[in-house]
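Next up: just one chain, as structure tokens, the form predicted alone.
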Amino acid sequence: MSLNKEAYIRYKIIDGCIRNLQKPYPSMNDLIATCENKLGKTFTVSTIQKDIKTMKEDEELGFMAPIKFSKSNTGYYYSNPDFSISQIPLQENEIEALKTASDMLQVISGSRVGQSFDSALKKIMVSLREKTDKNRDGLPIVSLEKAPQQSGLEHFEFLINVIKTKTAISFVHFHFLLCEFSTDIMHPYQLFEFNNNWYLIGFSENRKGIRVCGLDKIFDPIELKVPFNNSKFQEVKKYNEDMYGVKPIEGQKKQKISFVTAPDTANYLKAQPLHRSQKATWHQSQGCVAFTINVIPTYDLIRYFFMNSNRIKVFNNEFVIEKIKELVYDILSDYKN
């Protein structure tokens, strides 16, 4: 059942009236008057009767409110005086949905949010459908960045489920550079996010090893009834712990990369480290700072250094320096007459 927002507000109002110890046994007229006063519009007896019936009988909504009518007091009451729709336990599918949301929030927001999120989940019930808090000017108190939505996110729930159940999948993959479609069978291990884009990582039967695919390149994924290959699962750790970016440069191992930064960039990197292994190694009096990170080089990291080359200079790692130079030469060659 899809829950109408106004109907839900009426349920809350009716619940509040019935639980009001200062004015017990509210009549139908009392319920109508309170709803009209709080919502600023008129309601019929039929509407409120339907609301009461829904609160009592709708199994999908899950309230199953023990609402009774007292003839002697000509009003409504709960046969269980401790009942409230705000104390309804979550159903199993709702709990699973919240667990999924918890996993996503911990990935997106980091461990500081994750540490307190479990306790917050216990308090999230029907009130999740309340209005978003706004300030006195009507603006949201918190405004999140609204990045353009990546295509392929329609498969997100499907991919979460196949990862949980260790189910192999087949899908069509589109290669942006070659403009070609191909098919692959993958044993999915994890979804991860980088720079507002989501990726699937798993064992690819075509490549006989780990493959990373952007969700925007995945089409028509389907489940397969074949044994799940978990042989490369431990390799996923290097994507989580040992890299900045998505794909490692072939043949490169984890290594130390040193770079010196301008003062303003140094302050930024102190507040938001490039990688968990980042360490400051020396400071200059004018504010420049040298850092090291211990990572597997990726093309994303090379592009990061290139894009910030006026504020960051890599030293003591010839491989990374040469890769940055190659990128510079490629761009300059595109502008030659």
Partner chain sequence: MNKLLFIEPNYFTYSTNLKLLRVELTTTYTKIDFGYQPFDGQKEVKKIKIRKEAYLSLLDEKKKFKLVRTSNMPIAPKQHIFKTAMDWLFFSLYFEPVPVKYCDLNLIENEVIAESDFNFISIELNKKKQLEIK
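Numbering follows the first chain given and starts at 1. Bear in mind the structure is a predicted one, so any value in this text is a computation, not a measurement. Rigid core: the largest C-alpha set superposing within 1.5 Å between the two forms.
What comes next is about the form predicted in complex with its partner chain, which is not displayed.
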Counting only non-hydrogen atoms, the one stretch of 172 to 180, 242 to 250, 261 to 269, 191 to 199 within 4.5 angstroms of its partner chain in the model of the complex is 172 to 180
**Asked** Taking heavy atoms and a 4.5 Å cut-off, does Ser204 contact its partner chain in the model of the complex?
**Response** no
Query raised in the report: Applying a 4.5 Å heavy atom distance criterion, does Val226 contact its partner chain in the model of the complex?
Result: yes
Is there a heavy atom of Lys325 lying 4.5 Å or less from a heavy atom of its partner chain in the model of the complex? no
Query raised in the report: Do Ile185 and its partner chain come within 4.5 Å of each other in the model of the complex, heavy atoms counted?
Result: yes
Among Met307, Ala33, Ala280, Met64, just one has a heavy atom within 4.5 Å of its partner chain in the model of the complex, namely Ala33
Answer key, its partner chain contact in the model of the complex at 4.5 Å (heavy atoms) among Gln49, Asn37, Ser70, Asn294: the residue is Asn37
Taking its partner chain in the model of the complex and a 4.5 Å non-hydrogen atom cutoff, the residues of 56 to 74 making contact are Thr74
Check: Can a Cα shift of no less than 2 Å be assigned to Ser70 between the shown form and the other one, given superposition on the rigid core?
Finding: yes
Can we say the CA of Tyr25 moves by at least 2 Å between the shown form and the other one when the core is superposed?
yes
* Tell me, please, whether between the shown form and the other one the C-alpha of Leu327 is shifted by 2 Å or more, with the rigid core used for superposition. => no
